[in-house]
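Two versions of one and the same chain are coming, encoded as structure tokens; call them structure 1 and structure 2.
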Structure 1
């Protein structure tokens, strides 16, 4: 399977290390990304450049893509220079950007019409997970396509769960973001409360982090907040995109989600205060500002 030729689209903080793992595993690799200079390290290691997603698709058996926003995903696959416009199409496209479930369904339908398999396979685990190949990958699509993709996905992540048909990977990722959004509100409000009450926040985290109040966020982002470290693990502006998608889908399903809606509003405040490119733990600063600094 290491002979399967792969086309990789999107060499950002996530995509670059992911493409590197596939190259290291021996896959012939062609790449495309918006800013060509970002491809230089991979080209030096033997990857070949293509000018468009369509050309990438024409040169590979499997296309993997991880870009920015749903508009980018749409253009990568459905645009005039997109993968599905290829004269000699690939066997499979794997879209790993967090994006609209309904767009995943549209891509799968369009792909099937030209004889291509399509998976939505968004990830969690951030840049660290991408570098260490320890991502959690949530997969939507047909079982035979998942089998075909598995040896590739196993180079990128440690937990790979087939969630259902097209769009199910994106829906599972939405659940992931819904959980994080609500929990981040608790982490930030709780630590602000601790500070105002005169407690030592590190001692509080030590007491609550391993019990029923424990979570990845309080144990990993809590100490960063206490130290005043608001640098991004995950960008606020990308999180707002995800929460917007989740709310849209919930509205479509007739599902009121009061906590998600509140989180979305509070994260809009974080962005309004100029912290769109800071980490999600910056919610703490917005709540602090709400409380008079």
Structure 2
């Protein structure tokens, strides 16, 4: 797979650095994204532009995509100008957007009908993980397709675990988002408490971040909160989408998820305050406002 031609669809906060790693590894790269200007840095480094996902697929052996919402995923792969409508389809499609497990199953089924392998491989680690190629990647699909994809996934992530058949990667990502939702509430409330108690929040993070309360969120997003940096590593509006999918799946399975439901309500409040395009750590601002500043 060393010289495999790769098509990359979606060059947002995470997609652009991920595609950059593949280009740096020597893969011939073609790209497509909603706003062409986002592709400029990669085009300057030698990537080539394609006008549609279908064209990307026809120019690639493997297509990797990470877009925004389930409807985007469906359009990219199952639409009339999607990857699976290509006259010369790729060998493999790796969908890395967090989306509905049922959609991952539909894509895998459609891909098989045209002789293409398909993986759902959502990621965790935010912009930091994307830039540093240390993402956690949760993979669903057939074992032979995972083996084929592994050299590519290893360029993007540090932890790569095959969870099971089609849709299993998305289910694992829902577990990830449920854990993050509860943790972010604790991180923001804890830092609000530290400030109200007159503590130095940086010292608090240094103390608790290496103990039993340590987490990726407190160690990576906690310092951003202290500095007043609420720019996105992961958009609030995308997190709300993920929490909604998790609640839908939990309801389907008959699982009560009160903490998850509360987290979604709180993040809806963040979006209502005009911060849908800010990072998930901006929950702190909503809770701060609730506490009277």
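Residue numbers count along the first chain shown, from 1. Please read these numbers as outputs of a predicted model, since none were measured by experiment. Each form is matched to the other, and the largest set of C-alpha atoms that superpose within 1.5 Å is called the rigid core.
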Review point. Here are two forms of the same chain; which is the form predicted in complex with a further copy of the same chain?
Key: 1
Exercise for review: Please check if residue 110 moves between the two structures, taking a CA shift of 2 Å or more relative to the superposed core as movement.
Suggested key: no
Check your understanding: 2 Å or more on the CA of residue 224 between the two structures, with the rigid core superposed, yes or no?
Key -> yes
Check your understanding: Hey, what angle in ° does the smaller rigid piece rotate by between the two structures, against the larger one?
Key -> 12
**Study point:** Core superposition result - C-alpha of residue 193, shift between the two structures, Å
**Key:** 5.7
